[in-house]
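The chain that follows stands alone, in the form predicted alone, written as structure tokens.
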Amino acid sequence: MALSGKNIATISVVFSAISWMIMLASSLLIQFEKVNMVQNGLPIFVPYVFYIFFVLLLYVFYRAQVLSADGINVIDLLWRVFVTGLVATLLSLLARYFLMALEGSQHANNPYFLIIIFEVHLGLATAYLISIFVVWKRLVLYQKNRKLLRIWQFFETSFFFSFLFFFFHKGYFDISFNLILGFFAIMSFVLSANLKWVAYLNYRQKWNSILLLLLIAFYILYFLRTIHDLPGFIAATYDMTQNITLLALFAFTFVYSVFSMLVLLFNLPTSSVFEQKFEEVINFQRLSQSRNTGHDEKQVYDILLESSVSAVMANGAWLEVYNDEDAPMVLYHKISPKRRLEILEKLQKAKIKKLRSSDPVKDMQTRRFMANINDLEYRSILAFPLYVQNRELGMLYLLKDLYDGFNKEMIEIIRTFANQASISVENFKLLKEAIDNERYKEQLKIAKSFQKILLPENLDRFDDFEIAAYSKAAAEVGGDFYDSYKSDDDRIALTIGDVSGKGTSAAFSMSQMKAIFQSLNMIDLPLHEFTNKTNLALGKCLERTLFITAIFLRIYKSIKTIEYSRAGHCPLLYYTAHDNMANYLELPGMGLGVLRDVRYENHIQVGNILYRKGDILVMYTDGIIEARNESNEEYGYDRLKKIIESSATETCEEIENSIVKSVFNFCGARTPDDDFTLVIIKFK
């Protein structure tokens, strides 16, 4: 089973502590041999061997802690190194204080005690340097490439192989020692040039990093001085100044710390500018994506105001958004409505400097300007309009507490933000229109299917007449309707009507009319009372702006009679076969819903017709007689009458086709402006 990073860290730190204790014990034993001039056969390099194990195990420990992390946070890594150095330095100072406290006593020169002090400092320094080495490795390999990875692997391998050099007992004055030390110094400088992580820190993080690196470098120098000086006070078992690995660690960690501080310092002047530009890009992206992130127009204006203030570091601002109402909507930033009016008043006396636009149309009508104003709090103002398709949408005002506080770059940034905000608002409007259109189409689709259900496919009939119906809506849905109701084997009720207006509202009013027609026909009411109750019922549910024209008629089979009433609708057209002549029956009547009380009853009249074989009755809506051709001439009553008279010998379907064909031929390329409906009855 594979060990986790936490388990590896625990095991390695335990064994590193054991290695250090064995190193200390073997050093004390060798010192005992030297003091007492006895030989136990323990080689002098044994402490160094365990020191190597100590270093390797520390490397594994810190690597498991640092390099196994999924992400990288530079400040956290530097803070971890700083805390390690602080703890190690405090422990070192405590040991040195203890040594100084014993000065003058017999223990102060005790070689065994001095070796313990030295080994403690060596362990603390090594642990601190290895912790830095692992973190620096993480930073050097930030955004690594293959070449950099190979250089680091060569450096790290050379570093661990340098342990072997100690066994040759070479020192400062040996040329090979200095060549190898020079190699590590050169590699330290080469690797210290890899500081890509610096670019990803903000201004505040860079200052924090400089402070931490300064303290880290101070701790490195402290331990270098301490390790170098301590062997002079004791009869050391071995000279750590010959430890080229330790010296290489000091060199690399210190050089990288210094390089990092210098690069951070050089980046500070441009850091704030870079952050400002980065923030401008983010704000521009917010404006660009405002439509896709579910924002509305108000939120776009909020983002524009916030982004503009941030981009030019304005001390106050407001945004006026014009609408159909008299007063504009105003958004404020660190300024009160009262101060806004005061600034606008002082602006009337200021010297205005107009700013040109890249758009010639906007340049002629531009209100872009910059001005210095005489105010205790604000000294300069920048005004920028928002345009959508050459229509001014609003006005952005930015204030600063300095004269001439806006430079060319700031003006360009605001221009970009204003243009993008205008585009976003325009997109919102277009999107809203598209959604409204889709919603309207869906409503029309529902209304059309609903209307199709309401209009009967087959009207009720007796065997002594034939009947045909036709309806055509000018739009997707219309307000024309027709219906029938067969009470018994002797009576059939028929109706045709026209709801004022068009579209879905007319279609739903038509459904109300159908429900009332069907319901009241279940009750055996005289036609006069039926018409009156229909008006009263519609008056309670019909919109106040709507009314309905209709004709109600009943065909009585047994007595060959047609009874009818006219509610403001087009007059019936009746063809008498005996006279071979058609006439309009203009019985008085008022539309349903015009009067919605008992007064309506006074406007109802009922007529009767005795029908014979070959007679034809035509009910229609005004969409037929008011249909116009390209010369704006109406189809009229006479043409309809002549069609009936000329086709009286034909069947109902043939008469219907003749009328429809005649109307469309008359209109030509012009589409009929209104719905038109026909119900034709021919008696056998």
Partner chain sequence: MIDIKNELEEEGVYLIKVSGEVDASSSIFLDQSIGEAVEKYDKILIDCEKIEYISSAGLGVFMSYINELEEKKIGLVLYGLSDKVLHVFQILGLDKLLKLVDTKSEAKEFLNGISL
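Just so it is clear, the model here is predicted, and its values are computed rather than measured. Numbering follows the first chain given and starts at 1.
Keep in mind the form predicted together with its partner chain is missing from the figure; the text below concerns it.
Proximity to its partner chain in the predicted complex, taken as a non-hydrogen atom within 4.5 angstroms, holds for one residue of A127, C570, V81, V140, which is C570.
Contact annotation: of the candidates E650, E33, E630, E634, the single residue with a non-hydrogen atom within 4.5 angstroms of its partner chain in the predicted complex is E634.
Contact annotation: its partner chain lies within 4.5 Å of heavy atoms from the stretch 592-600 in the predicted complex, the single such stretch among 252-260, 592-600, 338-346, 116-124.
For the marked spot (Q443, S505 and S509), a heavy atom within 4.5 Å of its partner chain in the predicted complex is absent from each of the three residues.
In the predicted complex, its partner chain sits within 4.5 Å of a heavy atom belonging to S500. The shortest heavy atom separation between L546 and its partner chain in the predicted complex is within 4.5 Å. Within this chain, P588 lines the site of its partner chain in the predicted complex, having a heavy atom no more than 4.5 Å away. The closest heavy atom approach of E626 to its partner chain in the predicted complex falls within 4.5 Å. For the stretch 189-209, the set of residues having any non-hydrogen atom within 4.5 angstroms of its partner chain in the predicted complex is empty.
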